[in-house]
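A single chain, nothing else alongside it, follows as structure tokens in the form predicted alone.
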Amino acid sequence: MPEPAPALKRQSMTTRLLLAPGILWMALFLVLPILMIVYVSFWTQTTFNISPTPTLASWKAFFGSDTYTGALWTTLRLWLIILASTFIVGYPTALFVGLLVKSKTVSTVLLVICVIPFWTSFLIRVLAWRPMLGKEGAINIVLMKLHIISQPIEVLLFTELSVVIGMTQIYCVFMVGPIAFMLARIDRNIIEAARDLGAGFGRIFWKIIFPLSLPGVVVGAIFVSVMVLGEFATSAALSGRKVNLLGNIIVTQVGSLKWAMASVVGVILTVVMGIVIAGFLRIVDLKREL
């Protein structure tokens, strides 16, 4: 029998009441701040003053400057490199922890070990790479003791390479966790059935394991992308301020009280993140898979 109209109305009212706090929270602390940033990006900025008079001067200054556009392309380039490096390092680790380790206790312990670096300060974890990557750092000392190199490698610190190494180590766990979670959900009987039918590991991986773990890859890629695109501390500490990302531009502009230009960079960074997240979400329907 169809549900009576009054019952449907009560159900609809209950649904609205339950959704209201979340919608209000998102409107006040997400939508409204973004709209304010967009609004401020059109303000008129002078050397010592800023007024709400609408202008496109800050937007023209951003796209007309090689420094700002260069920071945009550097951010996108490093994002792609770090996304690839965290996947290359993280997927085999997640495959071992989530699928190859049969004991759930051991798997949990290994995941906790991956999270241990997060028990310390983010800044300490970043600065800890300096004595490792320096000209007289631990890596160069070990390589020279093993007679692999005759002179210290200077490109390990205060370069883009040092930023990639630091960010890969810091954010790799965000790729490992979601992938390991999805791999742990795979029914081992499916893999055993494929083996009984004569499929090798390579065929099983590409036809069963990787497709079933793809939602975890997408979630991990979103986590890594959002954090890397908004980065500024790691690049400043490990590159000696030689690598400028959009996050570094925002910090510099805010420090100079240039709110309009900082807002322009913030809007562009938000749009880039939105495009990246929307692109990943088109790969897998996370609502259905998770």
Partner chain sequence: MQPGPEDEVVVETAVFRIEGLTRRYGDLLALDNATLEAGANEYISFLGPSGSGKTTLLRVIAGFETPDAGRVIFQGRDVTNVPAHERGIGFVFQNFALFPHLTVMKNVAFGLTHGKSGLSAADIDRRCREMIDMVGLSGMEDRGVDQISGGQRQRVALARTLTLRPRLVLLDEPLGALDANLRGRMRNELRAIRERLGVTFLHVTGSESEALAMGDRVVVLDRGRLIQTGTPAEVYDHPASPDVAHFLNRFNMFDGKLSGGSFTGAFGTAPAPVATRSPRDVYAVRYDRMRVLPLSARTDRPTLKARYIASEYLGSSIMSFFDAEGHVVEVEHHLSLGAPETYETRQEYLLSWNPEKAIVFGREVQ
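Positions refer to the first chain, counted from 1. Predicted model only: the values in this text are computed from it and were never measured.
Another form, the form predicted in complex with its partner chain, is not on view; read the next lines as being about it.
- Only one of R195, R77, K135, K104 comes within 4.5 Å of its partner chain in the predicted bound form through a heavy atom, and that residue is R195.
- Contact check for K145, H147 and I149: none of the three has a heavy atom within 4.5 Å of its partner chain in the predicted bound form.
- At a distance threshold of 4.5 angstroms between non-hydrogen atoms, I208 is in contact with its partner chain in the predicted bound form.
- Interface membership of I190, defined by any non-hydrogen atom within 4.5 Å of its partner chain in the predicted bound form, is confirmed.
- When contacts are judged by a 4.5 Å heavy atom cut-off, I81 does not count as touching its partner chain in the predicted bound form.
- Among residues of the shown chain, A184 is not one whose heavy atoms approach its partner chain to within 4.5 Å in the predicted bound form.
- Picking from 68-76, 158-166, 211-219, 171-179 the stretch near its partner chain in the predicted bound form, with a 4.5 Å limit on heavy atoms, gives 211-219.
- In the predicted bound form, not one residue of 79-116 has a heavy atom within 4.5 Å of its partner chain.
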